[in-house]
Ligand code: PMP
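The chain below stands alone and is given as structure tokens, in the form predicted on its own.
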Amino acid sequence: MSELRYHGIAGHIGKTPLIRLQALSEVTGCEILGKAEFMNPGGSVKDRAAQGIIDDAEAKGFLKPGATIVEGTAGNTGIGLTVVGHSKGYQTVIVIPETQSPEKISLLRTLGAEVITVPEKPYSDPGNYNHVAQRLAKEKGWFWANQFDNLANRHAHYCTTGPEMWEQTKGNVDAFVASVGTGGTLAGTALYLKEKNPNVAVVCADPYGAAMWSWFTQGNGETKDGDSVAEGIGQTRITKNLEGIVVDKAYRITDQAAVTIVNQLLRQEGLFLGLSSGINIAGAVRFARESGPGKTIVTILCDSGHKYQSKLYNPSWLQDRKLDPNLPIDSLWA
């Protein structure tokens, strides 16, 4: 009789299912599949990066029992670090822009993180939340997770997300679509899939105001073309996790397209998702329509909508930003 083995929460990060997005698959003639990262213990794809960074730091001797982890984050990585950190005996200090959803900030405090909110500032400003976290690490002797430039982030996706997609599709994947926050998800998954089959198309779905579309299509990050309300994505610089990564296509995705998609999925398929998932799915739909039927396209369902109820699912908030949750899906390609 085989021995039964049980694990704590760190043993249950990853191995998330692929969910077929029914209506969008039918209308495009492609299999559009979303990796259900909201099913991770901390509720997002960032659990993978958090675990990878902590495991790597332990292996290198940077983390000792009772240590404190500090990180600048839009929220989800902080949640992942706090949850995984608790399971391993670490404390967390999270530096987060005050513009992020109140649900994220409240959840971090409920989970037991020390939360420091700071004004939203660009990366070039010393007051940027990442720089604040780095300074605190130096002053206090804490471990700085440095998710944007720590290659343990993308390595976690190379070791888990990519192999899971390949296995779940039995190698039948034509394209992988992801937006960019730190770049770890796009880069690590792409590296693995391209190794297995160089013909897998890697697609970046980028919100307006971010630099990745400009970088991948024009070789610079200088295009200034608007803004987005998406949280956790919309990178404006080339992080170390993105260095050396080549994509086959990059798309600009509007907030309205993402809002339309997440609302349709909620009403018709029971999927409750954040806006970054909508950006990803819109990119997958655009690739499907450009490429024609018969393709299998995989994207990331980054997190659930629970942390965005006061914004993304608040009619008044949407109206103030001229976003219509009731706009029909057909309008996206009319």
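What you see is a predicted model, and the numbers here were worked out from it, not measured in a lab. For every residue, the number given is its place in the sequence shown, counted from 1.
Form predicted in complex with the ligand: not shown, discussed below.
Comparing 107-115, 244-252, 257-265, 228-236 against the ligand in the model of the complex, the single stretch with non-hydrogen atoms within 4.5 angstroms of it is 228-236. With a 4.5 Å cutoff on heavy atoms, Val180 counts as touching the ligand in the model of the complex. At the 4.5 Å threshold, heavy atoms of Tyr308 reach the ligand in the model of the complex. Within 4.5 Å of any heavy atom of the ligand in the model of the complex lies no heavy atom of Asp47. Using a 4.5 Å cutoff between non-hydrogen atoms, Ile69 does not count as a contact of the ligand in the model of the complex. Though the ligand is absent from this view, in the model of the complex it lies within 4.5 Å of a heavy atom of just one residue from Ile297, Ile281, Cys302, Ile53, which is Cys302.
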